[in-house]
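Here you get one chain, nothing else, as structure tokens; it is the form predicted alone.
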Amino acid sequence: MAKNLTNASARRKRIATDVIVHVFLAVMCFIWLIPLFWVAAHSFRATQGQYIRTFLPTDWTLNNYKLLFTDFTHLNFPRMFMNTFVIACCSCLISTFLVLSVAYCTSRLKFKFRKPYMNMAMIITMFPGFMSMVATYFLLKAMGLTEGAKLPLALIICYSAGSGTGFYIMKGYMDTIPKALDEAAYLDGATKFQTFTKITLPMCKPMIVYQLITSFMGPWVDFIFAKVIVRANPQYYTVSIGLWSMLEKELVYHYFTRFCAGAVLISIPIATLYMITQRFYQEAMSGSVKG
């Protein structure tokens, strides 16, 4: 009897705790969604200007989305979108290749400066990347990459050149793969490159998806490096610079609702990517924790 009472009491406590936690998470989710809902709602507002008396607009229109793709008086949104997409895709592929290569070398191979390199990479990643933006700009300027059509290449170099230092999560995942598989491949006559491409990479698919997402997200949302390198070259603007320009004092009244529309549009590819790869993303995170 006493045991049943104890079990019932523990069950009630567990249910009460679950209810409190879920209510708290629901409230936090609601608070977090309010700004997103507000921006999405005002992207359909017909009244110009950044301020109105009501929380939600009273006049609705699709004209803001239409103007983004038809009115190029000050900003060319389709060109900015395409610039960002190309830069993000190229940086994503290069960064993923570098991270996979470095992670494989540090996880599977033994060489003289392995530990010093790993320590150095850990120290470097402790500092935010924007601390080096001035030095990066002058290095790119010395190479003649800060003018004209070379600006997208300069941004790709910025986003992907130092990605090899962010290999720790990928290395942790590779460490969980039994090395006996590599040794069996070597006995069958496989080279290190064949072992890397035919054994290690197929087993790292969840982490590759995770790396692709994070490598794509960086260039897609970055503003600091893009603004420093692109400067006043509107034809090479990325979406972050373009949206920021819409909020300048001279343009904000006419462009604020278009800014909201642009913010909604650039969130769609990222949201779609996350929904498609959610299962792989969760597997990747569990694998990285295990490592």
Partner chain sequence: MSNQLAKKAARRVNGKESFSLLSAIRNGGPIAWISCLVMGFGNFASMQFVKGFIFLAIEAVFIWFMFINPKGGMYWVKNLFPLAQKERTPNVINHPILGEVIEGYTETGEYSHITLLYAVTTLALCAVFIFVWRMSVTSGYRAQFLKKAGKRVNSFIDDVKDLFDSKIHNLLMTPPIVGIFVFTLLPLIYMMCMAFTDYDRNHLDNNFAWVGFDNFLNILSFNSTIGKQFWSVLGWTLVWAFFATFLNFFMGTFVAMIINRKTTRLKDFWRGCLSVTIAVPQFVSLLLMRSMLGDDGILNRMMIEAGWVEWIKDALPFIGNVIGPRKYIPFLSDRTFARCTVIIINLWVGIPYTIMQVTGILKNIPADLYEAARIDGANPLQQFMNITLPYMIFVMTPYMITSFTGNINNFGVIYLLSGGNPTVTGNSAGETDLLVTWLYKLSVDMKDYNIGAVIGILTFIVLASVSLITYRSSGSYKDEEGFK
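Just so we're on the same page, rigid core means the largest C-alpha set that superposes within 1.5 Å between forms. Positions refer to the first chain, counted from 1. The structure presented is a predicted model; accordingly, all values stated were derived computationally and were not measured.
There is also a form predicted in complex with the partner chain; it is not shown, and the following applies to it.
Student: Kindly indicate whether 25, 54 and 228 are, all three, within 4.5 angstroms of the partner chain in the model of the complex, using heavy atoms.
Tutor: Every residue of the spot touches the partner chain in the model of the complex.
Student: If we take heavy atoms and a 4.5 Å cut-off, which stretch out of 67-75, 171-179, 141-149, 85-93 is in contact with the partner chain in the model of the complex?
Tutor: So the stretch in question is 141-149.
Student: According to a 4.5 angstroms non-hydrogen atom cut-off, is residue 237 in contact with the partner chain in the model of the complex?
Tutor: Contact check for residue 237: no, nothing within 4.5 Å of the partner chain in the model of the complex.
Student: May I ask you to check whether residue 50 falls inside a 4.5 Å heavy atom distance of the partner chain in the model of the complex?
Tutor: Yes - in the model of the complex, heavy atoms of residue 50 and the partner chain come within 4.5 Å of each other.
Student: Since only the chain is shown here, I'm wondering whether residue 128 would be in contact with the partner chain in the model of the complex (any heavy atom pair within 4.5 Å).
Tutor: So residue 128 counts as contacting the partner chain.
Student: Wondering, does residue 216 line up within 4.5 Å of the partner chain in the model of the complex on heavy atoms?
Tutor: Looking in the model of the complex, residue contacts with the partner chain do not include residue 216, since no heavy atom lies within 4.5 Å.
Student: Could you pull out the residues of 28-44 that have any heavy atom within 4.5 Å of the partner chain in the model of the complex?
Tutor: 28, 29, 31, 32, 33, 35, 36, 38, 39 sit within 4.5 Å of the partner.
Student: Kindly check if the Cα atom of residue 126 is displaced 2 angstroms or more between the shown form and the other one relative to the superposed rigid core.
Tutor: Residue 126: C-alpha displaced by 2 Å or more between the shown form and the other one.
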